[in-house]
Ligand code: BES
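This document opens with one chain alone, in structure tokens, the form predicted on its own.
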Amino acid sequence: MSVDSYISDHQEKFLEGLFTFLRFPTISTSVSHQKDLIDCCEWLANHARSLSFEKVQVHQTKGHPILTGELRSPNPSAPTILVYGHYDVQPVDPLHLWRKDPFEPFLDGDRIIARGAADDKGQVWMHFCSIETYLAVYGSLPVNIKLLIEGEEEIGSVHLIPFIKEHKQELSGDVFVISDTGLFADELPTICDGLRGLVYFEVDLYGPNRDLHSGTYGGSIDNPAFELARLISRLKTDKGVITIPGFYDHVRGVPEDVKALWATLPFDEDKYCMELGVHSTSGESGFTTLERLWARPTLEVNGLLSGFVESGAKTVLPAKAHCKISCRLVPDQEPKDIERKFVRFVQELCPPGCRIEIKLHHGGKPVLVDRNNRFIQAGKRALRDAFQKEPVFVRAGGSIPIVAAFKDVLNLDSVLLGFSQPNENAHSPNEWLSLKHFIYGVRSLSRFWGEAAK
């Protein structure tokens, strides 16, 4: 029996397992779902044991549990591949926009619809299905596999970095393989070799000691809502250039050969705009859209709130204005350096009649992986064989902060083999994963184990 025939014959079984996995409402931001996260991790641990994984452990943390386990190859010189993924998911709000219960998966044509289908349960499950497939067809694995599956990725992997520092010996190996990125286009095999980093801030601007009547007091004191809007507008020029002093000091340029490869990718800017419901792209002048997405840092407002926002009218001068701002970083920017520069500049912009407070959230370093890494090349061969197409290399505009930590703490690179698509509503209502790409993922990863052993 071949790998592909086994996958075809067991597709219904694989989907049944995935649907069970998706039914756990593992929202990591919610305290009310703590038991669901524990139950899901225990269920996944039992499945790993059924595949002959040894040393399977559910590690309790001060947050949500972490799953580890080992499956050893009979080959004493086999490389060790660490599989990382996460079983936690984003909140489901607004619930009324979902076609059905977010945690009752269903198949609509080619779409597996449920929260976590694409990010990241569906892609984690591909790994388990590929391991089952390889064992069924060949009897044993040509590589050693170690699992590291967490339940806090969506809230910044708060307890994972201390965990890997504490368990460095148990997590020794040769490389991580991670499926939490995506394909550049439909049926186009893709390897991600770069991720942007992240810093995230909350900014509170305080004015008077209470909300005031805007007729009685308006025009005599600073309005925090107006002043915060003014402050935000001063963080960028009208050409999209971030004005924070020193922000671009360590930005690494993109080699011309890489730019040339990006220019050959099937990117349709008009289609991109149409799918997003906008008339045109924008951003830092002098760069293409893909360069802005993958190789340039950003500063974006993620939330903005002040004053009376209910229906109707209330003539109020608000006491406080609030915003959330994130910066995506590129090699060789350091999160701590950007944090300091942001805080210093924003504090300088605070008007004299107001007081400002800045809160820092989790972040992560940018990542760039050498395409010539032998495991990257193994991934390329596996994808080429599974898709019968030449793979492309891309970067991702998003962040997976733990990837940099794997390099810093364990000195291990990562192979980013993702099979979702950007339009699959990750973090949004009606999240979905293509069944076709799910099968491509299982086929590709089944081949990867053999290619990684060469």
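Note that the structure is a prediction, hence the values are computed from the model and not measured. Start at 1 with the first residue shown and count on from there.
Another form exists, predicted together with this ligand; not displayed. Remarks below refer to it.
Of the candidates I400, I66, V415, A48, I400 is the one whose heavy atoms come within 4.5 Å of this ligand in the model of the complex; the others do not.
Shown without its partner, this chain lists V124, I161, I244, L198 as candidates; in the model of the complex, only L198 has a non-hydrogen atom within 4.5 angstroms of this ligand. Looking at this ligand in the model of the complex, residues R230, G307 and I325 place no heavy atom within 4.5 Å of it. For this ligand in the model of the complex, the listed stretch (253-261, 210-218, 147-155, 132-140) containing residues with heavy atoms inside 4.5 Å is 147-155. Within 4.5 Å of some heavy atom of this ligand in the model of the complex lies at least one heavy atom of H427.
Within this chain, H362 lines the site of this ligand in the model of the complex, having a heavy atom no more than 4.5 Å away. Not displayed here, this ligand is kept clear of V56 by more than 4.5 Å at the level of heavy atoms in the model of the complex. The closest non-hydrogen atom of A404 lies beyond 4.5 Å of this ligand in the model of the complex. The partner is not shown here, but in the model of the complex the stretch 111-150 reaches within 4.5 angstroms of this ligand through a heavy atom at D119 alone.
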